[in-house]
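Below, in structure tokens: the form predicted on its own, a single chain.
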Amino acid sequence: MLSLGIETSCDETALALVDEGRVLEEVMFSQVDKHSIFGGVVPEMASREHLRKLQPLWQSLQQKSGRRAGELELIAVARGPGLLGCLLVGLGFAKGLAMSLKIPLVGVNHLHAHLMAPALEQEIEFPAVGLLVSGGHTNLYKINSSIHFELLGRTLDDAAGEAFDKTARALNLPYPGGIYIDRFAEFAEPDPDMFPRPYLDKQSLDFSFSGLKTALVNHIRRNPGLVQKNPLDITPDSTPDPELARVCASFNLAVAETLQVKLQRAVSSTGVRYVILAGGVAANTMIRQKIKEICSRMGLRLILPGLELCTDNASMIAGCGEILASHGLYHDLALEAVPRGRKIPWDYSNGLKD
């Protein structure tokens, strides 16, 4: 089934063609440079850029793949969670194509797509525990099948990705800051006592990273020399000051060990033997290392997407759309966008209930 995936949930404009779980081609436009001067994504600007770039990217995708619109059999589009204006641009484009080509449309849960992204590269076995770590979400799921996701725990405030970005902002590092913290951490050994492991005294599987962020801010107040003078002078290849590197490594370790403990609790409570780690922050070196360690210690199979499939991408949207369509799950043109903070309904056309 030749499927077009459309991803516009935040600041990446992406289109991809997937056929029977195999990625044929993907094109993407990143808005990072445009938003970096503001230290974060500006929603209205992001929406305008999606609107400006979708049609040229669609033309580019057809040229690179050698496929034409008339060959498409399915349109899959990220319907949420995300920035509402950005999602609406993608949905409008998807609906227009589906209507003009008279082919099925399916709206994809962006979070579920992240967790199913490894299926584009390898076989996924179920049931599995899924740990989704992204800029806006830190969630734990029991995944009973490719379309059945049971939420076990979620962040109560800042997601891990937000904690990284806010930490970088406090240190006056460039945006997006998580990349710089991860790379600078490689220059030092972490101090395991520098920062707390937040919310571990609670036996629930929920997360809370606001306390860790506060601890970091207080550390910076005591050590104002950590704040960089000019982020424009810093590149990913820069060599950090030793103390800055130690702070980055210690913060990295605190986040990674917190995720490690919560994952261990989720696996122990569910009894599953498979773990999926996904989302943009799943590219973090320390997090990947710590999750590999706990899986090895517990005799679990860890399913990791390649680094290209960790970030927001259209291939995972197309792949997840194919999975939904294979179960007879589609939407009509009344499909609605669902912004972050609202539950995404199970409103597919065959009437199955969540």
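Each residue number is its position in the shown sequence, starting from 1. Since the structure is predicted, the reported quantities are computational estimates derived from the model, not experimental observations.
Keep in mind that the form predicted together with a small molecule is not shown, yet the notes after this line are about it.
For the small molecule in the predicted complex, the listed stretch (290-298, 305-313, 65-73, 23-31) containing residues with heavy atoms inside 4.5 Å is 305-313. Screening Gly90, Gly107, Gly130, Gly279 for any heavy atom within 4.5 Å of the small molecule in the predicted complex leaves a single hit, Gly279. Just one of Leu156, Leu226, Ile179, Ile147 comes within 4.5 Å of the small molecule in the predicted complex, counting any heavy atom, and that one is Ile179. When contacts are judged by a 4.5 Å heavy atom cut-off, Phe164 counts as touching the small molecule in the predicted complex. Taking the partner from the other structure, the small molecule in the predicted complex has a heavy atom within 4.5 Å of a heavy atom of Ser134. Contact check for Ala283: a non-hydrogen atom falls within 4.5 Å of the small molecule in the predicted complex.
Taking the partner from elsewhere, His114 is found to have a heavy atom lying within 4.5 Å of the small molecule in the predicted complex.
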